[in-house]
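Only one chain is given next, in structure tokens, and it is the form predicted alone.
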Amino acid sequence: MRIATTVLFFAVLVLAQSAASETTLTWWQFWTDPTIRPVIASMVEEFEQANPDIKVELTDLTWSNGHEKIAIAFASGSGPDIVELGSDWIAQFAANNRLADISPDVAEELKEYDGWSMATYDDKIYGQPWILGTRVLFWNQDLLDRADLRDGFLPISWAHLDTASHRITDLGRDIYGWGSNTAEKHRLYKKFMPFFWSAGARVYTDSGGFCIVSSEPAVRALRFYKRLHDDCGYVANQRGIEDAFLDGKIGFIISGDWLLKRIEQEGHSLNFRTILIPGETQTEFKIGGRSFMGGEFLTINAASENKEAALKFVKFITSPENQLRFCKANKSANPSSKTAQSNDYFQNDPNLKTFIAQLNHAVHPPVDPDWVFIESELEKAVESVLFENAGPGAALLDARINIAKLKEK
């Protein structure tokens, strides 16, 4: 009896020591779609099997209130060890000392991934690039054919896009050359900014000290965008534009890789093509167009007591193999890993390949803690031009003045 009691005592002691040595990581993330959520869970399980001393508690967030939950958790000191952040949010939390500086831990990986600049604030890196995002130009080839734009016509400049959009619109009732977004928050400016950047416009001077959103190139870009909207635009929210495009009513729209996923999953037989965002001007040897770039990053809470384990998990999730696995499951086309980008899965599909190529010709907004407010001013300017008939120059000047006032506070 005494021997049995002794054995039981030591068994309990070993279990207690094992539990005490086990690390539990908390990870908050946004991928809840039924096609990808099981893959996320499977990756977590595989990591735990390879690292039996580490457990990962997974919490799902939504885009409608996720930012607010993260901000409240960080402010209260109860935030997760690891949190997925959109690129626009990194500067805000880094400036408030909520994120761990991982610069020394990723120094040898900088050439292996795209997107580091979006996670860099005050010359420190606060997030590991995971899945990036950009947008390309989709077009309906049948409508181009009906408009007599055959023989290898490619909309590689604003002039080409303008001509083709007008000729498609001239085909008749319920046919539009261009899909133009309504005043949809967080979306409208992302459709205008490719034209803004393609014209050579910038938000700030090189030193970042002076806002120049009302520069002549910026005004030129907004004037052209308004021309497409007024003359050729089917105006709706993003989903409405995509629905009309899939119904064969629109010649050109700017969209992301999620549209490729819709086309495949819903079985559309649309005769469509994808191409890089057209430049203001175009030559044989220069790609002038620039698209919008954003991304999802894995960041570590500055207050976490498990930073070493958290970093290990972050590197596992963002490895080239797991990025490829994620993209295949989610039908997405923008891994941050350059090794993943070179995989035949992307390179042998002409539309996925377009997105990979666009990553090299995309621009992200300034890494600025106030970006969400700056973004709002830009959207107000575009809205006033498109829907209130304001002049492009006056609208962008108002935006510049308001942004300057914001930065002076």
Partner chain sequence: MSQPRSTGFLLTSPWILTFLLFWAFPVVYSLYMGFTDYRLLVEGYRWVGWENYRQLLSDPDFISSLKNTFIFVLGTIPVTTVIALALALLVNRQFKGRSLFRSAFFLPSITSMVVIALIFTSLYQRGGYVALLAEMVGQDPPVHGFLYDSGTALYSIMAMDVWMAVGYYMLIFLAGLKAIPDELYEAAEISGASSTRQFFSITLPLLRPVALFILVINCIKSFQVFVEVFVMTGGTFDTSTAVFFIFQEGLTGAFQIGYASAAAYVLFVLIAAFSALQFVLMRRRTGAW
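Numbering follows the first chain given and starts at 1. Fair warning: this is a prediction, and the values are worked out from it, not measured in the lab.
The protein also exists as the form predicted in complex with the partner chain; that form is not presented, and the subsequent description refers to it.
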Three-residue site Tyr234, Glu383 and Glu388 fully in contact with the partner chain in the model of the complex at 4.5 Å by heavy atom: yes
Candidate stretches 145 to 153, 291 to 299, 305 to 313, 236 to 244, one within 4.5 Å of the partner chain in the model of the complex by heavy atom: 236 to 244
Any non-hydrogen atom of His67 within 4.5 angstroms of the partner chain in the model of the complex: yes
Contact label in the model of the complex: Phe373 to the partner chain, heavy atom within 4.5 Å: yes
Exercise: Arg98 in contact with the partner chain in the model of the complex, heavy atom 4.5 Å: yes
Close approach of Gln92 to the partner chain in the model of the complex, 4.5 Å, heavy atom: yes
Contact residue in the model of the complex, from Ile212, Ala329, Ala183, Leu171 (heavy atom within 4.5 Å of the partner chain): Ala183
Among the candidates Leu270, Ala71, Ala159, Leu324, the residue which, in the model of the complex, approaches the partner chain to within 4.5 Å (heavy atoms): Ala71
